[in-house]
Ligand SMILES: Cc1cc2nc3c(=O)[nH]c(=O)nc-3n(C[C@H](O)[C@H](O)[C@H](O)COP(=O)(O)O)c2cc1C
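Here we start with a single chain on its own, the form predicted alone, put down as structure tokens.
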């Protein structure tokens, strides 16, 4: 396969997988993916990313603690605003289309709070993925470093596809930073950015049949030809 075709396929086949097989990922492969991702650019090459790879018994402990917080109905304690404080068009419509599109795929009806809560809980079970990345950043860094971080995160997800793996980026894993920081010994002067669950896709998981729509170029591109 030509290199440009392989790159395009890795990018376009990336999607948020919400059901993984109980199949381990080799440590050497995780290292390789992170080495590739670390080629991401950053302003003045400061490389602001701090990565915690969680597997095995510690992964299970983290899951139990996050699930318990969710089951207790604890509100999100995320250390930054990920979503708009006030939703407006067109973002509100896109959010609803994605949320209800997934729920329809899973047979969850509007107003079924119990089923919705159970599906949200799956975030904290890492959708059964065997590998979980938690990402932190020094809290005194500015927006530019967060933009750099996004390129690093995308590199992880695209590199994973190149090796036949799938991922799910999860803002929800930053909901309870005190739990994450205590268990992973992350200092208080760092902010939990998000998490990524990674593994091999479960092709029989109904959630994996859902694919949200993407905008046409005409909706977000303006050409200036002189």
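Predicted model, so just to flag it, every value in this text is computed and none were measured. Residue numbers count along the first chain shown, from 1.
Just so it is clear, the following notes concern the form predicted in complex with this ligand, a form of the same protein that is not shown.
Student: Can you tell me whether residue 165 touches this ligand? I mean in the predicted bound form, with a 4.5 angstroms heavy atom cut-off.
Tutor: Judged by the heavy-atom cut-off of 4.5 Å, residue 165 is well away from this ligand in the predicted bound form.
Student: Decide whether residue 149 counts as a contact residue for this ligand in the predicted bound form under a heavy atom distance cut-off of 4.5 Å.
Tutor: Outside the cut-off, so no.
Student: Given that the partner is absent here, does residue 169 sit within 4.5 Å of this ligand in the predicted bound form, heavy atoms only?
Tutor: Residue 169: yes, in contact with this ligand in the predicted bound form.
Student: Is residue 209 near this ligand? Define near as a heavy atom within 4.5 Å, in the predicted bound form.
Tutor: It does not: once this ligand is placed as it appears in the predicted bound form, residue 209 has no heavy atom within 4.5 Å of it.
Student: So, 15, 98 and 127: all three within 4.5 Å of this ligand in the predicted bound form by heavy atoms, or not?
Tutor: Result yes, every residue of the spot touches this ligand.
Student: Select, from the options 41 to 49, 58 to 66, 169 to 177, 22 to 30, the stretch whose residues sit within 4.5 angstroms of this ligand in the predicted bound form by heavy atom distance.
Tutor: Going through the listed ranges, the match is 169 to 177.
Student: Along 52 to 84, which positions have a non-hydrogen atom within 4.5 Å of this ligand in the predicted bound form?
Tutor: Contacting residue: only 82.
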